[in-house]
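The structure tokens that follow cover one protein chain in two forms, given apart as structure 1 and structure 2.
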Structure 1
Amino acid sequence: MKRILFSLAMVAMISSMSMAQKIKGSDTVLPLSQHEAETYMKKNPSARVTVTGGGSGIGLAALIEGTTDIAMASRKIKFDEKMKMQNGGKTVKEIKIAQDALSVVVNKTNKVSKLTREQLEGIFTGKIKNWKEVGGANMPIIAYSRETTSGTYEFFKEHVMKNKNYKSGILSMPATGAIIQSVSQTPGAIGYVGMAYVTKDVKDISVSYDGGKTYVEPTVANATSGKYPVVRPLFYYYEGKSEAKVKPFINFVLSAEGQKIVQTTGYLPIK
């Protein structure tokens, strides 16, 4: 009897071990993955999912080294990261699991309510220095950005500023909350945050990506329909060989229930 119990326990342990999967990477995706993993484990008590953060770069480096099963990333895999995977004889698979829209925010007293991409580039590279140049009051522009290593900083630089560098006098804040706080108390301020973080203390700006022909408001509806341009996809990356292992969890994330969690966490579903 004891023997049977023991072997049963062994089998249970081994099967649960084979189900265990590690997810690592972007701090933006982290809260989403945690919620997904919690619900997933509740539904499948035998499954084990551990989620850790560290940043997109760290997650992808772990995937290249084979120390994680899924890498979370708030940006597309870089060319040289893909090359490293290929050189190691691995194929990398990419799954878009959710989207995150960035809102450009200004102080509530600011009259300006719309800007083009070119104007945003000018403001953040330091070529446009006063609000009157973009139709506002005569007041210097104070631009806030995230810290240099943040994925949001990189995305904004690549997507909105077309890879130009920020001006050297840019104020950089350690967290999204700090940007909201500073923008809400500085009349000439402008900054960018994830759409889910926008509060009523700041005003969001409509953005035009076609030189001022159409301006789109940053709303969930516009971002989901693809009209609002400053949207970044959030990805899971995994190795082709471990597909069988990670597929059940990824399928859950992509299911209607999983995408509902995406919404409650403050991101945009992909469908």
Structure 2
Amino acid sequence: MKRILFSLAMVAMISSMSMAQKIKGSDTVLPLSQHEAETYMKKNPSARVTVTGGGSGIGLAALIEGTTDIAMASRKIKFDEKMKMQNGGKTVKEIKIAQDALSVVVNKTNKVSKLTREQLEGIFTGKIKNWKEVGGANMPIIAYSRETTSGTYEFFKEHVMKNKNYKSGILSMPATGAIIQSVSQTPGAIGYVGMAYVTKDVKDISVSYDGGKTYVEPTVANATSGKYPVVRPLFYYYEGKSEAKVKPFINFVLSAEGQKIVQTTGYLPIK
């Protein structure tokens, strides 16, 4: 009898372990994945999903090392990351789960409420150093950025700065929430975050991509309609051999219920 009970306990433990999943990566995707995981586990009591951030590069590195089941990313996987997977005998799978608008935020006391893409490029490359150069007060600009492992860092550099280098000495923050906090506490500050992170403690900026002819506010409606230009896809990456393990959760995220969570959490659904 003891042997039977031990065997049943082992089966239960193995089954529980097979249902456990680790998700790691993009701080942008983090709040969404946390909400999705909470709802998924309520519907599936035997499932265990743990979600941690750190940045897209951190998540993909963990996937390469085999220490996470799903990597969250706010950018596409790089060629060298894909090659590392292949060299390790692994096949990487990509799933687009949502879209996100990137918001530029300033301190609430800042009277500047709109900037062109060119002005943003100038601010983050260091060519524009004072708010008076863009219609604001005579006050030094303090620019905050994400760290280099962040997909948001790379997306902003590519799509807003047109691949120009960030200015020397830019203040790199380890997490998106840290940018919100720093900008809210610093009168001359500016930073960029995923739209879902924007709070009443900061002010978001309308952006022009046509040289100042039209400025568009970063709202869900404007991003969904295509009016707001700074929009990007969000991804899950996983190893092909883990498909049976991760697919139930991914399918939930892609379902009507999962995409409703995407919308209510402040992101843009893909369906």
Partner chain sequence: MFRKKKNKFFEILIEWMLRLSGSATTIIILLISIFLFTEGWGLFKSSTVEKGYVLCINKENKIKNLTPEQIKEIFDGNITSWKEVGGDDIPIEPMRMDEVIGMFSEEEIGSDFEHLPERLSDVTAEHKGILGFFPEQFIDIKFKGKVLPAETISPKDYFGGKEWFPTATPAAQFGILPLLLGTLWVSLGAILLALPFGLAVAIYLAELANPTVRKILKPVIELLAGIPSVVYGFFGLIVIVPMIRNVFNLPVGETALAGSIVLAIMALPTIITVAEDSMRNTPLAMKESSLALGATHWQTIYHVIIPYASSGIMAAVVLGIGRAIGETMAVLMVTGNAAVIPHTFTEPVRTIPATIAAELGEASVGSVQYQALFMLGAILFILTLIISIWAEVIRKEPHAE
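Model, not experiment: these values are computed from the prediction. Along the sequence of structure 1, residues get numbers from 1 upward.
- Remark: structure 2 matches the stated condition (the form predicted on its own).
- Comparing the chain between the two structures, the hinge between its two rigid parts falls at 99, out of the candidates 125, 99, 216, 245.
- For the chain modelled as two rigid parts, C-alpha superpositions between the two structures yield a turn of the smaller part by 27°.
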